[in-house]
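The chain below stands alone and is given as C-alpha cells, in the form predicted alone.
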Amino acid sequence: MKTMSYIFIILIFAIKTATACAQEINFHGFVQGSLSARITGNETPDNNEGGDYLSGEQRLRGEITGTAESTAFTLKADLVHDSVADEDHVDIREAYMDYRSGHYDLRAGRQIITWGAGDLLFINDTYPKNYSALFSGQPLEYLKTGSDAVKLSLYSDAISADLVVIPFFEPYQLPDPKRFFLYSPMTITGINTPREEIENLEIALRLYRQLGRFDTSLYVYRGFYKIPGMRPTSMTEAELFYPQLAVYGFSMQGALGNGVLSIEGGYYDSLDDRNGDDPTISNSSARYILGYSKQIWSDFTAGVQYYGEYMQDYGQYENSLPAGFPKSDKLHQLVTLRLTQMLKYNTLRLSLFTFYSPDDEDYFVIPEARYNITDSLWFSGGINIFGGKDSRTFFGQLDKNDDLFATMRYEF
C-alpha cells in the first residue's frame, strides 16, 4: 500500500503539472444518492452494519480531463459517504496519463479495462470487479473497478495489440458477510493476497483485428484467480488465498441476421493445481459463451447467452473433496436473458436481466426502470431477486438478500 501511495502522489503531481501546460481542460461531475434495502425480513447479526440495508451511499464525482499535443490526462474521483457504516472515503475510479503516437499509445495509472464479448459474463476479462455493487443495485458502471496498470497499445493494418502490466494484485470485491447472508462452511480467519513483488506481476495480451464482419481477438493472461480459494487451518477455521492462473482465449463479435452474434472461449489453466487433486484450488477448465441480441420491434431489444464451464480432471476433484463439502458438476451452465424497452422518446428505459443455472437450479433476476427527468437528472429503481434449490450454490446462498434499490443522480 505504501508503494501505491507513492505512485498516486507522483501521478497527482504529474496531472497537476500537465494541467498547468494543457491546451484544453474539461471538468464534469455528478452528485448521486443510492439506497438498497433487503425485503426478506432477515437481518444480518453484525452490530454495526447488520440490519435491512445492503448499501446507502452519497457520492460527489469530480472528473477532469486535459490534452496537450500528444499527451492527455484523466482523473475521476468520488467522495463517498457510506451511511450504513457511517464512514467517508475517496474512491479513485480512474487516474491516468496518455501518450499518443501514430502507431502506439501508452497509458499509465489507474484505469478501467474491459475485454471480451460477454454481457455480465466474463472469461477473458480478468480485471477487477465489484460484485457487492452489482448485488446491491448500484449503477452498473460500479461493477468494474480500476487496475493500477500500464497499457501499451500498438496499431498496424495487419493486426493490433494491447499489452497490460499490472504490478499490484486486486481481487474481486465480493459481498461482505456483515451485510449479506452468505454460505461459508468454515470461519474465515485471514486472507493471503499475493505480495507486491516483481514475480507477481499480472500480464495480459490482446491481439485483435477485423475478420469479415467480426471483431476478432486472441487473449493471453498470467496472474491469479480473482475469487479466492479456501485453505483449512483447523477443523472449523480457514484462510483465503489466490492461486496462480493462466488464461488462453479468443472472442468474436459481429453482425448476423439483423442482430449481433457473440462468441467467446477460454482455457483456465490452474497453475498451482494442474493435477486437479487439491480441493482448495479450482481445477483447470474450458469456458465458453454463445450470445445473440436483436431488435425485435421499435426500441425493444432482446439478448440471450449460454455459458458453459467444463471442469478438467473431474475424477481427481471428486476423490479429493472433503466429506460434507458441496460438489460442483463437471459441466456448470448459465443461461441469461436481457430485455430492454425504451419509451417516451427514449427518456424511460424498462429492462430485465436474468441469470439461470440449469445444473445448480438457482437464479438472479433484475427488473429495473430508469427515467431521465431532465438532461442532467435521472432516477432509477428496481429489485434484485435471488433464489435456488440449494442454499450453497452461487445464487442460492443469496436467497435471503432480495432487495429494493434506487439511485438518483444530478450531472454537471
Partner chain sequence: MTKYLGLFLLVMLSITVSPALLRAEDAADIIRKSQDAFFAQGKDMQARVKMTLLSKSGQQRLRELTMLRKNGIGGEQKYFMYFHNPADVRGTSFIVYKYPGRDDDRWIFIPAINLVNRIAAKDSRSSFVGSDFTYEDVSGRDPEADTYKYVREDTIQGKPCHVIESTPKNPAEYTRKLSWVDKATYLPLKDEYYDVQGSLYKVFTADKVEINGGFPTVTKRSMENIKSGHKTEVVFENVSYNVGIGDDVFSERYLRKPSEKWIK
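Residue numbers count along the first chain shown, from 1. Predicted, not measured: the structure shown is a model, and the values here were computed from it.
One more form of this protein exists, namely the form predicted in complex with its partner chain; it is left out here, but the text below deals with it.
Participant: Have a look at Thr193, Gln253, Thr280, Gln316 for me and say which one sits with a heavy atom within 4.5 Å of its partner chain in the predicted complex.
Facilitator: Answer to the contact question: Gln253.
Participant: Of Asp272, Asp91, Asp215, Asp176, which one comes within 4.5 Å of its partner chain in the predicted complex, counting heavy atoms only?
Facilitator: None of the other options qualify; the answer is Asp215.
Participant: Going by a heavy atom distance of 4.5 Å, is Glu87 a contact of its partner chain in the predicted complex?
Facilitator: Glu87: no, not in contact with its partner chain in the predicted complex.
Participant: Heavy atoms within 4.5 Å of its partner chain in the predicted complex: does Gly102 have any?
Facilitator: Answer yes; at least one heavy atom of Gly102 falls within 4.5 Å of its partner chain in the predicted complex.
Participant: Whether Glu43 contacts its partner chain in the predicted complex should be assessed with a 4.5 Å heavy atom distance threshold; does it?
Facilitator: Glu43 lies outside the contact set for its partner chain.
Participant: Should Glu197 be classed as touching its partner chain in the predicted complex when contacts are defined as heavy atoms within 4.5 Å?
Facilitator: It does not: once its partner chain is placed as it appears in the predicted complex, Glu197 has no heavy atom within 4.5 Å of it.
Participant: Counting any heavy atom within 4.5 Å as contact, can you tell me which stretch out of 371 to 379, 47 to 55, 32 to 40, 354 to 362 lines its partner chain in the predicted complex?
Facilitator: Of the options, only 371 to 379 has residues within 4.5 Å of the partner.
Participant: What are the residues of 267 to 299, in order along the chain, with a heavy atom within 4.5 Å of its partner chain in the predicted complex?
Facilitator: Counting only heavy atoms within 4.5 Å of its partner chain in the predicted complex, the contacting residues of 267 to 299 are Ser293, Lys294, Gln295, Ser298, Asp299.
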